[in-house]
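A single chain, nothing else alongside it, follows as structure tokens in the form predicted on its own.
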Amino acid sequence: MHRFPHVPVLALLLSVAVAPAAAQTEMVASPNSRIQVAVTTQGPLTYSVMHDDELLVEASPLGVVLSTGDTLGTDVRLVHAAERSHDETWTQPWGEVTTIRDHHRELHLALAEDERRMDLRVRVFDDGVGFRYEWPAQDGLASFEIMGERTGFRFARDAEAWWIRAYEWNRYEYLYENTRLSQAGSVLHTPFTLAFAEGPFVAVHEAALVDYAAMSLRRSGPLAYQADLAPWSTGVRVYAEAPAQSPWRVLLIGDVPGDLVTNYTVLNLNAPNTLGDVSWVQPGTYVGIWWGMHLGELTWWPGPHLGATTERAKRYIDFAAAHDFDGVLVEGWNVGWDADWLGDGRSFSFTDPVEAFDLEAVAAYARERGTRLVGHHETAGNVPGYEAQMDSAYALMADLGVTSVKTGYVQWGMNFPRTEGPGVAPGDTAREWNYGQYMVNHYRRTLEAAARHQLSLNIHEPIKSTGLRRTYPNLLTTEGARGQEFNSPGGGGNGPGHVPTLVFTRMLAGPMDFTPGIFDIAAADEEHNRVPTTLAGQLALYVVLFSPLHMAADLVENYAPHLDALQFIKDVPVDWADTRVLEGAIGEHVTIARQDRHSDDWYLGAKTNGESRTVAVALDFLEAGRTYTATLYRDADDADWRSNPVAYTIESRTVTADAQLRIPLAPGGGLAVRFVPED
């Protein structure tokens, strides 16, 4: 532990940014000393952050506002301060890397205000900062209601920013806007990514969101935002009982954009695996009856164009078995889709199939063919209805040999009903935000219930990812952004710059079920609705966008003319030993290399926006002294996402770690490469 007067570099920080000279200040630095955090512990509670001896975050307020009108954090006094160092390496059961180093220094401040305790815990890593509030068990603060946080992020200078608006009707499913920090929106979701002139690159997010409301960012000054907690329908933001703690408020910091992608601060701030042996969690690649609904050729509801028929499911199973896919998703299999499902979801049964779909026979057929069904539960946001059926539904899935379930909550805004809890009288219904405390706790309950039946979840319309996959490794992937479905007719389109933006924004939160692999790219006639990539660009997504569950999302018949390109989807893993970002510029292009966890093979994916460009990267991630066969799936010379998207070339080269790869990318194009050792 170091007190501020003895740290010259922080004297600059507080003289510029903080408060009176008499203020008592504690500080903690990262193991490499590049990041330093100072906290005032007398009077108003504030923190400041320096990076490479330059002010990054000016003195910013800390604390919470209670429903009693009291504010914890405006007049604190220090009871005790302790600093410790921590350095361990832990193993992921699956992930983008096998092992992660958790190396940080921690400052724990026991604080008091009006005889009530609120502690602050700060952890500083070489590439990030996390801090949270903790309320120990105490007589003066047993049960309490939080009406808001004072937590601020007052940046010292303007930056380029990428962001989406919060409290909008379609949750997180918006295209990212790119402005100056000073011109960004009034209320934003996290991750919120910033690029400062001459560095660093920074993302604001949160970690370990448990029994609390999700944090958005509300503008509080020209270069400042304040934590904004999603409210209950009662107006309260968080109902709490001490001992309690907030999620971590997180700053990810890197010298180049790729440093944010390989930053594991959010995972390190989550609690370790609580499920024990999770060998039953099985990553994989699946196909499914899904894209046809978005094309308008099939329906989720019974009728002449129902997608979920026994015959069609068996045909997809045959395809999956022939090409070694791990599962087959069938949406629309269950009773309830023919009612007003989008209105309230009360008609859904999660155990009863529609007449045209023989659930048990299809599941048995999948097992016989060496694959399995992927479960699907669309709730339409009817949380009480889903929770009432959850255990029986998960038990049925497990009995059928299903190992993962895709859940959905297609509903908008403050429209998730509850029939009990605070502010709800008997017979009444209250509606809650998708990312309020009520839904945060619901999503966690689904993970715990699924784990009891050894099932993993792929949650669509989720709460944003905050690293809980470390604590609950059966949280394989989520949606929570504009995925492939927006590239279908009527979807509005994502544009060719969407993926190179997602990598450095939404993907910083965790894996995403984007549903890549569309080969019939020109299925939509209108340019703004069509898939905005080349076919090689679709292949690149399997490496560029991390998910332990990836879908080959097209109609299976559309793969028949391109079985040579399908080979890459069959080969590419979803579970990795190592990840390297070789180059990238936010919204423009990105190149990522990943090593298979179960072999010595490496894979590379490169994706550009609407501009053509050349990938020029060193292959020094390969093992020195070994020779590799590189199979390249690249854009043909005349490829273009608008005019000639299904034009690709497959070629092989012999390469070593000393080589450099130089490959042109078409507008909207991409590159996918498999490297296999020859010895």
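Residue numbers run from 1 along the displayed sequence. Computed from a prediction, not measured in an experiment: that's the story for all the values here.
The following text describes the form predicted in complex with a small molecule, which does not appear among the structures shown.
In plain terms, the part of the chain that comes close to the small molecule in the predicted complex, with a heavy atom within 4.5 Å, is 336-344 out of 493-501, 308-316, 336-344, 151-159. Highlighted residues W290, E378 and E461: every one comes within 4.5 Å of the small molecule in the predicted complex, counting any heavy atom. For the options D259, D575, E113, E331, the residue carrying a heavy atom within 4.5 angstroms of the small molecule in the predicted complex is E331. Of the residues given (F131, W300, Y394, Y542), W300 alone sits with a heavy atom within 4.5 Å of the small molecule in the predicted complex. In the predicted complex, the small molecule sits within 4.5 Å of a heavy atom of H294. Contact between E83 and the small molecule in the predicted complex is not found at the 4.5 Å heavy atom cutoff.
Contact annotation: E432 falls outside 4.5 Å of the small molecule in the predicted complex, judged by heavy atom distances.
Taking the partner from the other structure, the small molecule in the predicted complex has no heavy atom within 4.5 Å of any heavy atom of D102.
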